[in-house]
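Form predicted alone, single chain, as structure tokens, below.
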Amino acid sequence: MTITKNVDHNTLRITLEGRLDTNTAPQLEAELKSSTGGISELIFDFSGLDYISSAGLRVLLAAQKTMNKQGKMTILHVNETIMEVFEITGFVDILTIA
């Protein structure tokens, strides 16, 4: 998985490409822990993300909890497969998906 970060004032945009699974979730988790301090808006761009596993969902849930305290989190460009995972798991009710 490739992680691309852009910071603009208090907004952090993270673009993910590839698979967010058991092997790559720790990489994203570490990136978020080191990057979300002082951020009031977190935007994920999933246009290049092909797959998400339960490990990836756990990282997103932790990020959402952090951002609930600091500001807001939005997920953009979710493909049909990942949207189906979000719907089945109830994450559509927890996350802001645009």
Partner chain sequence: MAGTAAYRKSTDHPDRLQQDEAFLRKAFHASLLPCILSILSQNINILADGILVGQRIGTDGLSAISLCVPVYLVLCVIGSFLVSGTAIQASKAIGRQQSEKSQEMYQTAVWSCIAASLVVTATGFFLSRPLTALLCSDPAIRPLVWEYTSITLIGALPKILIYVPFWFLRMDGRAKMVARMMLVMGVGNIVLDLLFLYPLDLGIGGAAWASVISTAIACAMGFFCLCGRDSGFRLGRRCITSLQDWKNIAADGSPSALNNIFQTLRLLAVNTLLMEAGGSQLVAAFTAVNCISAFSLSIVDGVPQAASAMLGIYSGERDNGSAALLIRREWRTGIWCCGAFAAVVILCADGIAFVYGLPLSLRFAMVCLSAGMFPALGCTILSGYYNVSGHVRWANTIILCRVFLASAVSLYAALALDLSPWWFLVLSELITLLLWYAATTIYHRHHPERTRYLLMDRSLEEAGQVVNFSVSGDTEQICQASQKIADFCRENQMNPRQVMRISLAIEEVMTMIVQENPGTAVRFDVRVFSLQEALGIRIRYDGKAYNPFDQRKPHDEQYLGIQLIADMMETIVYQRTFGVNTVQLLL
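In this text, all values refer to a predicted model and were calculated from it rather than measured experimentally. Numbering follows the first chain given and starts at 1.
Another form, the form predicted in complex with the partner chain, is not on view; read the next lines as being about it.
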| property | result |
| --- | --- |
| The single option of M67, I43, L57, L32 touching the partner chain in the predicted bound form, heavy atom within 4.5 Å | L57 |
| Q27, heavy atom within 4.5 angstroms of the partner chain in the predicted bound form | no |
| 4.5 Å heavy atom contact, I14 and the partner chain in the predicted bound form | no |
| The partner chain contact in the predicted bound form: I82, any heavy atom under 4.5 Å | yes |
| 4.5 angstroms heavy atom contact with the partner chain in the predicted bound form for N10 | no |
| Sequence-ordered list of residues in 11-37 near the partner chain in the predicted bound form, where near means a heavy atom within 4.5 Å | R19, D21, T22, N23 |
